[in-house]
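Just the one chain here, laid out as structure tokens, in the form predicted alone.
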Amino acid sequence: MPSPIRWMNAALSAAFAMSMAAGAAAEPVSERRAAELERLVRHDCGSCHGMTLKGGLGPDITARRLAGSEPSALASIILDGVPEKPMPPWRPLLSEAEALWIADYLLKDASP
């Protein structure tokens, strides 16, 4: 039987996914900010995930590798990081809409 912590994490993830879906429509990303986020993915994410996003310290985050992933789940990882892994939380620097934009960007084949 799953632990209470796993149940709580699942419930929080579901709540976050619903809030992401609601928040994305309320806070669109401007063209200027989209360009900044694209640079952030290339340089900051690329410093760990490889400059071609095919892996390095962090795993491959190409569209091919992420195919089938839910954008809200990827946005959650971007915002909150991965405990006990080098993936830091970006929530202090990114909004939920921006994290969702990055997730969509990665899923649409952001590779150079």
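Position 1 is the first residue in the sequence shown; the rest follow in order. Bear in mind the structure is a predicted one, so any value in this text is a computation, not a measurement.
Another form exists, predicted together with a small molecule; not displayed. Remarks below refer to it.
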### Message
Counting heavy atoms only and using a 4.5 Å cut-off, do 33, 92 and 97 all touch the small molecule in the model of the complex?
### Response
no
### Query
Would residue 63 count as touching the small molecule in the model of the complex under a 4.5 Å heavy atom rule?
no
### Message
I'd like to check something about residue 44: if you look in the model of the complex, is any of its heavy atoms closer than or equal to 4.5 Å to a heavy atom of the small molecule?
### Response
yes
### Message
Using a 4.5 angstroms cut-off on non-hydrogen atoms, would residue 55 count as touching the small molecule in the model of the complex?
### Response
no
### Partner proximity in the model of the complex: residue 85 to the small molecule, non-hydrogen atom cutoff 4.5 Å
yes
